[in-house]
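Below, in C-alpha cells: the form predicted alone, a single chain.
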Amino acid sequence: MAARKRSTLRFSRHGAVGVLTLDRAAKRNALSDRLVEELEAFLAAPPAGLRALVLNGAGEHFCAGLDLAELSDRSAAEGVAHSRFWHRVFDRLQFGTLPVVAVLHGAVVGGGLELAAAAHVRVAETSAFYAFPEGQRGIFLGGGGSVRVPRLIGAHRVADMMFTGRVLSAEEGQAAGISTYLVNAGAGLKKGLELAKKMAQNAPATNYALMHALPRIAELGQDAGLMMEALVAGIAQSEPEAKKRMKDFLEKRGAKVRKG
C-alpha cells in the first residue's frame, strides 16, 4: 500500500481501490476553496489503474460543510460563480471515471451532505448526523443539495431540515435513504473498502453505465427510459469483457449469486 500527502487531501492505495481522505480535521473537514480545487484535480487525473474510490474524513467528522471563514461579501454574480464551481466538481465525482463509496461519520452537514450525495454508495457509522443549517444562516444550498438530496430523501424532508434546523441521526438518515449501509462506530472504512473492492471487480463498461446512464434513465419517462436502457444494454453486452464473463458463467467458472 502506497501513500502520498496533499495539503488538504490524503490519498492511500489498496490495489485497485483508493482511499481519499478530507484532511482538515481541525476544521471538521470544512470545504475550503483549496480543498475543492484539489478534489477536482484528483478526480480529473486519478492514479493509473485505480478502479474504485473510498471518500472519507479525517478525525471525528466527515465534513461540516462550507468553511464559513471563506464566506466573503460576494456579489450575486460571484455567488453564482462559486456555486457553479462546486457543481462542476461534485458533478465530476458523480459522473466521473470511478465509482465512489462515501464513508460518513460525525458531522455530515451542509456542503458535507451535498458532497456525500454525489457519491454512488454511502456507508454511515452510527456517529453520523445530518443537517442543512443554511436555513438558519440566511443562505441557500449551493453545492447541488437541492437537486441530489431530494432525490434521496424527498423534497419535503429537505425543506423540513432547512425550515426548522432539524438534525437527522444516523438511524433516521438510514431510514430516510441518505445512507445505503449503517455500521457501528469505527467500522465504516472497513465496510467502504469491502464494497469498493467489489465495485473494482466489475466490468468497466458496467460501472460506467451505472454511473452515467442509470441516474439519467431514472429521470426519463418510461418510453424514453426503456429505449435508453436497451441501447446501454446492447453496448455493454457487446464488450469483450462481458462476453468472457458470460462464457465463464455458462461454463461453470463464474461466481454464482449467493444469499448474504
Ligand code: 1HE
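Each residue number is its position in the shown sequence, starting from 1. Bear in mind that the values here come from a model prediction, so they are computed numbers and not experimental data.
Beyond the structure shown, there is the form predicted in complex with the named molecule, which is absent from this document and is the topic of what follows.
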Problem - Arg28, Gly111 and Ile139 all contacting the named molecule in the model of the complex, non-hydrogen atom within 4.5 Å - result: yes
Exercise for the section: Just give me the single entry in Leu68, Ala45, Leu226, Leu214 that has a non-hydrogen atom within 4.5 angstroms of the named molecule in the model of the complex. Expected result: Leu68
Handout entry: Candidate from Ala107, Leu168, Val100, Val158 lying within 4.5 Å of the named molecule in the model of the complex - any heavy atom
Key = Ala107
Handout entry: Candidate stretches 59-67, 45-53, 187-195, 204-212, one within 4.5 Å of the named molecule in the model of the complex by heavy atom
Key = 59-67
Handout entry: 4.5 Å heavy atom contact, Pro133 and the named molecule in the model of the complex
Key = yes
